[in-house]
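Next up is one chain by itself, shown in structure tokens, the form predicted alone.
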């Protein structure tokens, strides 16, 4: 008779903290007698901080639940990024929701349920656990996308996200079933057993397509900009950071497991992911160029950044480049999460409040940012920092993150991918810097309102700017942590 698997359940403490926090907020709505809900964002930040600190300071438990999950430095790093993104999104969302009379405990509870799924996905090393985590994350984000029920755009965003998610989950699950038939196991570490049979290759292709929908890789990016544009802006920020982090975490584990054989199958799989990386970098940036909606531009930008991260995934398969590529990817995810949430927070601060039926057509138009440096210099400065980081301009975190990824690609002798990454980064600088030009060099047309200004927004923007600047100037400590986290257990 075996004892209680304490180690296995201790590894799930961050997930449990987030889940308990979500349940507590749901129950608080039952007993709430006043209309004030400002404490809910504070509680969300507290639970997110507790989960993140636990993951950061408590030693990993190793393989848990019969190797179906891995509590290692990699999963801990992912959990810290997800919890940081949750905390920033909650601070941004508090004022945004309050200004629209829509602040409820359900919003924060759904965000915490989603973050719990993301954290679990970072630990998953088995298709069954990964599927449960993906569905937990997805169901919460579907509901969050439709949180502002009034109007056509939120409903359209939620419907499209639901369809995309259903297709993604179906492909992932069917691919996992085929891989089980080919290998006799659902563990990622045993994926190379298939020997390149037709069943094995079909399963890998379907699983890869399912995850590609989650990371919004071209050509699986359809409707992603519509979802980002139609969802509430704090939700868009949370999705851009958290979903991308969790999806790339599980993609790294699956990819490295499939590449374990070192065969022709591994070479073919690496070539397919490399092609996806090129398409995503090129088309993500090209489609962002003509956008006048800043929120939609940031959505296409998110697609382009998925392409850069795919470069890190491909580089990780090369001999001797795995640790460097994975550490670069983790650093990139940390930098991008803070930058993307900050940028969307500024968009939320300056956007118009819609009426009962829908948002006005110019809610996120580029002209809304004209003269922002004169009206709200601190907000314009923060947005400039975030855009420069997204463009990869030194000395921001985005520059260092791209440098690490492209160095890993060069070390893996993937010179073509590195060159395409650099060239598309230069292309992306145009539409990022265009917003900066509007903020600092274009006068505002007519009287523009100052927009949203709350304590939570100020704290979130201050924290995001600090992360972007510190990671750009003093990147070495975090880079060392990312290096330690690159040793994925299998």
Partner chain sequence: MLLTITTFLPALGALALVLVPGTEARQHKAFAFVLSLITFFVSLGLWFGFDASPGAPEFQFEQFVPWISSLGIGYHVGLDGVALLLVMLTTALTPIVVLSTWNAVEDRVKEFMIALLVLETAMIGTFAALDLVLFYVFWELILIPMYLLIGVWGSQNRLYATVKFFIYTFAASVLMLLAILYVYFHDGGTFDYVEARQALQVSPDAARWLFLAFALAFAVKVPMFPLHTWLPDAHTEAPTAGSVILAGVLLKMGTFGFFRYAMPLFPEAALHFRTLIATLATVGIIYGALMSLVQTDMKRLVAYSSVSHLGFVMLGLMALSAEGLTGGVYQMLNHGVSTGALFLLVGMLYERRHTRLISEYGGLARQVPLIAAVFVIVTLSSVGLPGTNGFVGEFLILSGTWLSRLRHSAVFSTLAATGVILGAVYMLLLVERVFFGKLTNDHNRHLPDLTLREGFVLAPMIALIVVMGLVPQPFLAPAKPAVDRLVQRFQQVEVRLGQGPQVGTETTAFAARAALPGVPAMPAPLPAAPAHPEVH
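What you see is a predicted model; the values in this text were computed from it and never measured. Numbering follows the first chain given and starts at 1.
In what follows, reference is made to the form predicted together with the partner chain, a form of this protein that is not presented.
Problem set entry | Any non-hydrogen atom of residue 419 within 4.5 angstroms of the partner chain in the predicted bound form | Yes, contact at 4.5 Å.
Exercise. Are any of the heavy atoms in residue 465 no more than 4.5 Å from a heavy atom of the partner chain in the predicted bound form?
Worked result: Flag for residue 465 set to no.
For this session: Indicate whether the partner chain has at least one heavy atom within 4.5 Å of a heavy atom of residue 473 in the predicted bound form.
Result: Judged by the heavy-atom cut-off of 4.5 Å, residue 473 is in contact with the partner chain in the predicted bound form.
Exercise. For residue 197, is any heavy atom within 4.5 Å of the partner chain in the predicted bound form, or not?
Worked result: Although the partner chain is absent here, residue 197 would stay clear of it in the predicted bound form, with no heavy atoms inside 4.5 Å.
For this session: Go through 408 to 416, 235 to 243, 68 to 76, 97 to 105 and give me the stretch that gets within 4.5 Å of the partner chain in the predicted bound form, heavy atoms only.
Result: It is 408 to 416 that comes within 4.5 Å of the partner.
Exercise. Are 220, 259 and 296 jointly within 4.5 Å of the partner chain in the predicted bound form, each by at least one heavy atom?
Worked result: The answer is no; none of 220, 259 and 296 reaches the partner chain.
Exercise. Heavy atom within 4.5 Å of the partner chain in the predicted bound form: which of 27, 426, 42, 53?
Worked result: The option sitting close enough to the partner is 426.
Problem set entry | Proximity to the partner chain in the predicted bound form, single hit among 146, 182, 366, 388 (heavy atom within 4.5 Å) | By the 4.5 Å heavy-atom cutoff, the listed residue in contact is 388.
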